[in-house]
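What follows is one chain in structure tokens, specifically the form predicted on its own.
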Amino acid sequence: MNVMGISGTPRTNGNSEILLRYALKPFENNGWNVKIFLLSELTIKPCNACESCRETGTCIINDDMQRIYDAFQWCNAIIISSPVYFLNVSAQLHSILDRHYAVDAEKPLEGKVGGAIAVGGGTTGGQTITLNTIYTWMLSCGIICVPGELFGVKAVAGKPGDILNQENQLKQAEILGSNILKVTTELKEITGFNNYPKYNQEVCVK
């Protein structure tokens, strides 16, 4: 089984990246294949609205997004984390969400399982908006959204590394990962398919 994580922070070892790594621990402990994409190290340009992907099925922009497209096909589950910038996801992450448009017709994420993490420097509600943005995108992709104990994982942290002093939030990230792992495993057992339960409708009907 395969899980991908996307860290939307432009900072290396940012607080949202740390929480993402904690959310991926249950998968590592259960022998899953784990891929983590750090947008602090990748070049993902914004969508330029050229619409060429609608004619060719391929994004015309040549950058690291191709690795993300491949992982969309590969994964059984996906976890996305983002810092809160002006009450929403980072610009780097927004480019990923927008450029899914190039493969939207293929629906590479449909029927898969996902969760979200948001870390902000204050308590003005940006974390909730950021989680809503990610989960709304996931729903539009056909992803089965899984919460942590309540919603996605929300945290308040300012300076890099501050989150390491918040044991409860680290635990919440692991709970999110465990919930996603459980749902993905149960879906596989029900449908008999690793990635696309929608293709095994006969099993679901019986």
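The numbering used is simple: start at 1 and walk along the sequence shown. All values derive from a computational prediction rather than experimental measurement.
Only in words, not in the display: the form predicted together with a small molecule, which the text now covers.
Using a 4.5 Å cut-off to the small molecule in the model of the complex, not one of Met4, Trp74 and Gly115 places a heavy atom inside that distance. With the partner omitted here, the residue from Leu93, Val119, Leu109, Leu131 that has a non-hydrogen atom within 4.5 angstroms of the small molecule in the model of the complex is Val119. Using a 4.5 angstroms limit between non-hydrogen atoms, Tyr135 is distant from the small molecule in the model of the complex. Interface residue remark: Ile78 is not counted as part of the site for the small molecule in the model of the complex, having no heavy atom within 4.5 Å. Contact between Thr9 and the small molecule in the model of the complex is found at the 4.5 Å heavy atom cutoff.
Of the heavy atoms in Ala157, some are within 4.5 Å of the small molecule in the model of the complex.
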